[in-house]
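In structure tokens, the next block holds one chain alone, the form predicted alone.
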Amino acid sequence: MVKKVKVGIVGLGRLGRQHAENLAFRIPNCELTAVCSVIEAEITEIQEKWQIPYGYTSYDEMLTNKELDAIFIASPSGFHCDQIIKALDAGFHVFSEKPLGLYLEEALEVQKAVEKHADKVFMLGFMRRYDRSYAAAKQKIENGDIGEPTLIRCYGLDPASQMDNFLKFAKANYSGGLFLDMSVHDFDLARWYMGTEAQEVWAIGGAYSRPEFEDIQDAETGAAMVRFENNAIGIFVAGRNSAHGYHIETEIIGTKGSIRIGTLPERDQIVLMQENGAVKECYDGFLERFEQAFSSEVEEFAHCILEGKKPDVTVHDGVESTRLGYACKKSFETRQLVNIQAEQLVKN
């Protein structure tokens, strides 16, 4: 009989619930054994509906469950660092949603903990690497199909319909700001595709339709221009006010060609033609767009545990993406060009 990885998940919000459902029903060699949330009704519902053996309102209590092999962290971003370190210290393999934390110092502490527990599998949820289109683009770059990558352009736009929900989340200080919350996926892709680290960044943004973003010192829509160590260019745009739906687009330009991913955020191959013209429906959120990738990344996590391997996404990827995201946040808030390497030297 094939061994199954017994997983306890903390956080049962929108993304956490999707991960929990994947673990319970869609991930080979995984078994959702425990759920943890501060909202008792969420625990009761899932335990009864899916027949999950254990439910906890205390994360520390869940970590005493010796039946578990791994902890899956899908809680708000501000809790990630503490929960990752505690789970590793308790002897568990750990999968954590992005980001590592809201502050670079926290991310570096997690890196130390992961290195200390080198016998455990740690994986960070940069799911776009596991999306078939993004993975195919990586392979084409590795094949030299576009020559040397010189510029990457990333758009990350959330549906306007979700702004009220996001503002509640952000006002509770759970997001870390536009660049750390949204663009961190694009920063990871940029490092992955370009094969280099960021050197300096200039970030701007503002509150254009919802002044509440100014109250929390965040941007409703923002943009960053990055110079990488090899002089390659990064252009990143993130926003919360996409009228047509969820829109994630990436372009990599090289010396011999270019690749575009997700230029049209179309849901399917249907074109509706009526009095409004020819209409193609768009994705309404990240859960729908990256449904396959969310499953594939956790399949890889389980495979690494069972086979004694380490995933391609490392804690270092989380640290460097956080470093760039935090530099963008600083640049946006101070309206200054930030030299990332100089900042690192000062801190060291």
Ligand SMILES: NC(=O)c1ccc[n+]([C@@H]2O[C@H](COP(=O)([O-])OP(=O)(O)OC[C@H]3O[C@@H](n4cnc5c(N)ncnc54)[C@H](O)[C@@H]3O)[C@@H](O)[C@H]2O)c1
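Residue positions are given as counts along the sequence shown, with the first one as 1. All values derive from a computational prediction rather than experimental measurement.
Separately, the form predicted together with this ligand exists; it is not shown, and the next lines address it.
Contact between K98 and this ligand in the predicted bound form is found at the 4.5 Å heavy atom cutoff. In the predicted bound form, at least one heavy atom of D181 sits within 4.5 Å of this ligand.
Put simply, L12 is close to this ligand in the predicted bound form: some heavy atom of it is within 4.5 Å.
The closest heavy atom approach of Q83 to this ligand in the predicted bound form falls within 4.5 Å. Highlighted residues I39, A74 and F286: every one comes within 4.5 Å of this ligand in the predicted bound form, counting any heavy atom.
Residue-level contacts in the predicted bound form: of G156, G125, G177, G222, one residue has a heavy atom within 4.5 Å of this ligand, and it is G125. For the candidate set F79, W202, Y130, Y103, a heavy atom within 4.5 Å of this ligand in the predicted bound form is found for exactly one residue, namely F79. The chain is drawn here without this ligand; in the predicted bound form, the stretch among 27 to 35, 286 to 294, 307 to 315, 47 to 55 whose residues come within 4.5 Å of it by any heavy atom is 286 to 294.
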